[in-house]
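Shown here is one chain on its own, the form predicted alone, set out as structure tokens.
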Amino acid sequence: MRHGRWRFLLGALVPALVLHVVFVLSPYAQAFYLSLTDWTGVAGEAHFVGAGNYARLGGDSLFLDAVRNNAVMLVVVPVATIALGLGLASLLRTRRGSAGYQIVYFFPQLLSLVVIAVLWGFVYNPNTGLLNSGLRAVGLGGLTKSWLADPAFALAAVMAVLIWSSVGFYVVLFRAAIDAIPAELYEAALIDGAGSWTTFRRITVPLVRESVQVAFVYLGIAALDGFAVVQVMTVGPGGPDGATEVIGLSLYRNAFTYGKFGYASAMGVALFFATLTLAVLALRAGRNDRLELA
């Protein structure tokens, strides 16, 4: 019986482990190796350059612009999306017919990021776009701008699209978490005379903290990417003057435009460790919070 059980476990686990090694771990290993070479993507052999590619990253001004922009996105996109998602989910808790609102909020999730980027490109069009046309229609023509061509506003315009495309999903996620909170807590707060803001701050936020932490990890990963929206929407892409450059775009350009696959792999490895660090810190912070509450 014992041997039969081990044979069953091995038969179930080994195929999955082999597939994981071949299709997940092996590509990671290849990327790490290529980051230490000068492979061009088409050459039959690659020369080992050690940490040379990583040393070049520190002197690459365009890559540093990308790191700066991704850092800004890492702060703004998760915070704004979570704040909007929590606020809207809390409002829907007490509103009748909220299911219809959730469907409307969730609608952008049905569209791919490429489609969303194309649509918002039309919205931001300086001559015929919906945004500038709306400003002119209400007498605020002086506020119209070339949103994606102005270095001061291009990154904000891109982040607005990422937030708009994401917030609906997190409204649904947070609404489900809020529905799991016992109604007696809200009733007790109402009897004690707590207002809406106090109830939100003292009851809702602490009890949906785990959902917020998961949302921050996923949104942080999305903010460290941003490639699809920047590639489709922006001038260059990545412009103007590197104002919307992101690491994923730098990686793509160096690999498929300049044929520097080794250097691009170094960027990919740097992005991998940045994402891994974000996830570990967020999950560890959540674990510490749970231990303190316990």
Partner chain sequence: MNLESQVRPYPTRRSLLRTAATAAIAAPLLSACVTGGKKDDGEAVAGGEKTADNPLGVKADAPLEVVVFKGGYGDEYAVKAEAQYTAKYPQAKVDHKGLQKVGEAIQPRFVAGNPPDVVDNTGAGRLDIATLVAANQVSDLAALLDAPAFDEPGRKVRDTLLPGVVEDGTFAGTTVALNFTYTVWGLWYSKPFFAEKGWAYPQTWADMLALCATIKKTGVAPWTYQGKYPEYINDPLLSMAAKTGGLDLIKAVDNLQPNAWKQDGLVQAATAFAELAGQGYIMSGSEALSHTEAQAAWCQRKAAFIPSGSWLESEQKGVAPAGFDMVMGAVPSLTASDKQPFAAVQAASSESFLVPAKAKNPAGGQEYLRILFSKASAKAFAEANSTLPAVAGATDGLTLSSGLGSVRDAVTAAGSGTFTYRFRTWYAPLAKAVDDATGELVNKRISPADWSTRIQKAADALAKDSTVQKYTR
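Residue numbers count along the first chain shown, from 1. Everything quoted here is computed from the prediction, not taken from an experiment. Only the largest set of C-alpha atoms that superpose within 1.5 Å between the two forms is called the rigid core.
Below, we refer to the form predicted in complex with the partner chain, which is not included among the displayed structures.
Undergrad: When the contact criterion is heavy atoms within 4.5 Å, does A71 count as touching the partner chain in the predicted bound form?
TA: Outside the cut-off, so no.
Undergrad: Test of understanding: in the predicted bound form, would T198 fall inside 4.5 Å of the partner chain by heavy atoms?
TA: No, no contact at 4.5 Å.
Undergrad: Heavy atoms within 4.5 Å of the partner chain in the predicted bound form: does V14 have any?
TA: Because a heavy atom of V14 falls inside 4.5 Å of the partner chain in the predicted bound form, the answer is yes.
Undergrad: With a cut-off of 4.5 Å between heavy atoms, is Y258 one of the residues that contacts the partner chain in the predicted bound form?
TA: Residue-level check for Y258: yes, a contact with the partner chain.
Undergrad: Could you list which residues of 10-41 come within 4.5 Å of the partner chain in the predicted bound form, counting heavy atoms only?
TA: Counting only heavy atoms within 4.5 Å of the partner chain in the predicted bound form, the contacting residues of 10-41 are L10, G11, V14, V18, V22, F23, S26, Q30, Y33, L34, W39, T40, G41.
Undergrad: Answer yes if the Cα of V14 shifts by 2 angstroms or more between the shown form and the other one on a rigid-core superposition, and no otherwise.
TA: For V14, whose C-alpha is compared between the shown form and the other one after core superposition, the shift is 2 Å or more.
Undergrad: Return yes or no for F273: a CA shift of at least 2 Å between the shown form and the other one, with the rigid core superposed?
TA: For F273, whose C-alpha is compared between the shown form and the other one after core superposition, the shift is less than 2 Å.
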